[in-house]
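As a starting point, one isolated chain is supplied in structure tokens, in the form predicted alone.
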Amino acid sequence: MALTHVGTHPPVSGVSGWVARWAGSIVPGGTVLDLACGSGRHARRLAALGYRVEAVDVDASCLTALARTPGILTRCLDLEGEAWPYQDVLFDAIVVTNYLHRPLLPKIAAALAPGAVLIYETFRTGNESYGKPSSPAFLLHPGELLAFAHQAGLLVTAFEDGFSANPKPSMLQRLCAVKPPLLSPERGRLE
């Protein structure tokens, strides 16, 4: 896959431009899982847009202030060391930024409801030239998110892979993908 320049998506009050761009594709009033939410910049923005958000992070101190925000439920969870609590839960959207733990990728796809949106943005190889993260464990390979989406049966809405100047020089991959809606056999149409 050829390296492409990642488009400029200026942040909206600290929110990733990529997340801001695709948030409107989430079903109105839907449920959103914000994984590795950190300070909660995306959870706050999504809740302000009327979504019901579950914000997850390992850092309880980040979640304390966030828990007081209307529309946000917080969960302190070590995504890499504790059991995945969403085996029987489906979300209308899942947002992941600046985080990669490859064993979670199939679990993330399984937690998407039919018609749900996955908005993912994180670092890729080559980022070590610009700073952290620089460990290969935290850097996607070229096209890796795209390959994951295809393997999971997701319909790719948008994908970017390459250099980004915003919010700081880095190498990124960005994906927006949708889990296909179910086909209703009784009616022979998509639901």
Ligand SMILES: C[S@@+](CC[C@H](N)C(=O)[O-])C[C@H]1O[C@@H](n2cnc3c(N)ncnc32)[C@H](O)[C@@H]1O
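These figures come from a predicted structure and were not determined experimentally. Start at 1 with the first residue shown and count on from there.
Below, we refer to the form predicted in complex with this ligand, which is not included among the displayed structures.
**Student:** Residues in which of 159-167, 58-66, 24-32, 140-148 have heavy atoms within 4.5 Å of this ligand in the model of the complex?
**Tutor:** Stretch with heavy atoms near the partner: 58-66.
**Student:** Can you tell me if Leu77 lies within 4.5 angstroms of this ligand in the model of the complex, counting non-hydrogen atoms only?
**Tutor:** Answer yes; at least one heavy atom of Leu77 falls within 4.5 Å of this ligand in the model of the complex.
**Student:** Is there a non-hydrogen atom of Cys37 within 4.5 angstroms of a non-hydrogen atom of this ligand in the model of the complex?
**Tutor:** Yes, Cys37 sits close enough to this ligand in the model of the complex that at least one of its heavy atoms falls within 4.5 Å.
**Student:** Does any part of His42 reach within 4.5 Å of this ligand in the model of the complex? Heavy atoms only, please.
**Tutor:** Contact with this ligand, yes.
**Student:** Under a 4.5 Å heavy atom criterion, is Tyr99 part of the interface with this ligand in the model of the complex?
**Tutor:** Looking in the model of the complex, residue contacts with this ligand include Tyr99, since a heavy atom lies within 4.5 Å.
**Student:** Suppose contact means any heavy atom within 4.5 Å; which members of 134-172 contact this ligand in the model of the complex?
**Tutor:** Nothing in the stretch sits within 4.5 Å of the partner.
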